[in-house]
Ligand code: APR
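Quick setup: one chain, the form predicted on its own, written in structure tokens, and binding and motion questions come after.
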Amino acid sequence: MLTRYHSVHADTVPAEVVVVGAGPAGLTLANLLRRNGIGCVVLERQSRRYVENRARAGLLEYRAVEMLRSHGLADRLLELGAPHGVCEFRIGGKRFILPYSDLYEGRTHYVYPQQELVKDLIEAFVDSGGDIRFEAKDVALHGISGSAPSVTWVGSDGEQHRVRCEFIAGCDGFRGVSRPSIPAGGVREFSHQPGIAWLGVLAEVPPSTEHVIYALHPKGFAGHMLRSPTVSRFFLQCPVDDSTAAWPDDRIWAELHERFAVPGSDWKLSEGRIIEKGVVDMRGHVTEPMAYGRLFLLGDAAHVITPVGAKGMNLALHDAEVLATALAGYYRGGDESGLTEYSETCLRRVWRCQEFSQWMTTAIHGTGDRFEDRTARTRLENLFRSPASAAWFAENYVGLM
């Protein structure tokens, strides 16, 4: 029997769970809760149009796709997303192809822009009768250490609203209100900055490759990521204190041409209109535990990982699945074990992905230290000499089951 709440003010709404943030973690959790008959309300600071067009990640692991498919949330993904099982490294002007899918029982990634998944999840939630409040400002969490927390916000109508609940899911990112709502000393936080940054570029141009490219170059890393048949994502290694002002479009394309170059090859990089660019923080951050009282942290609110290896969105989806399963057990039969073990369960995967991301970060980035750069190059070259190393990479890259 689900708990029922009654309004104490005219603008108060009831819910078992309040989900703060309408990104992949929050929306996946909300949909899974609806499918288990658990009442929830989603609060999102931005407008629906904004979140449905916010370009972020675009590579979904096999496990994440299977999870979404099992809950009926992957129809458009499977129709429009492109499976990929090969990546390419360019080292010393030579091309090395790694068919990681063949090395990991045929499992693949799916290339599907995050904003498209967000659109799918919003539509599924709203169509099922879900309650989502966009443009919710001044969100504040109350009573998270007690048995009856609540959340207040100012709605698009300019009025303050309150919802009483049993649990709060903080899915509002690294700079959201959820994690800072935990009292000092309530959690431990671990951070790492590798001393590099990426200039992220989104361009209206068809991909110049059929698979992801990681290029090592004396001037720094360059990456060519896939997004759609008409849009491509590129990355260029740059100083931590760099700014987009230092990167006019002509310089970006010149650097990409130079860093991707393969002498004697007929491969060519296509250019197009740059529609977005920004310096990407390569920080790693983990919060332990990922819960405090009745507040549970998911996705970037709990852990930030470098975009190397494309793990951020996939970790967020895993957090949502674990918490939804835990809450279903609690409401169906009073089983609190899943909630008690939520943080430990998620952190095992989080730290494994952090370790892989750090390995890959050191392998593909130049530091200017000749010794370190040579050992990094050897680390990558070993993937093409050692079947055991290649199999280890494939398992971690395509995602653990």
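We number the residues from 1 along the sequence you see. The structure displayed is predicted, hence computed values, not measured ones.
There is another form of the same protein, the form predicted in complex with the named molecule; it is not shown, and what comes next is about it.
This chain appears without its partner; in the predicted complex, the one residue of Q46, T367, N36, Q358 with a heavy atom within 4.5 Å of the named molecule is Q46.
Only one of C87, V177, A124, L226 comes within 4.5 Å of the named molecule in the predicted complex through a heavy atom, and that residue is V177. Proximity of A376 to the named molecule in the predicted complex falls outside the 4.5 Å heavy atom cutoff. For the chain shown alone, V308 is not a contact residue for the named molecule in the predicted complex, no non-hydrogen atom being within 4.5 angstroms. Although the partner is absent here, R69 is not a contact residue: none of its heavy atoms lies within 4.5 angstroms of the named molecule in the predicted complex. Taking the partner from the other structure, the named molecule in the predicted complex has no heavy atom within 4.5 Å of any heavy atom of I168. Segments offered: 168-176, 124-132, 97-105, 326-334. Contacting the named molecule in the predicted complex at heavy atom distances within 4.5 Å is 168-176.
If you take 46-84 and check each residue for a heavy atom within 4.5 Å of the named molecule in the predicted complex, you get Q46, V51, R54, R56, A57, in sequence order.
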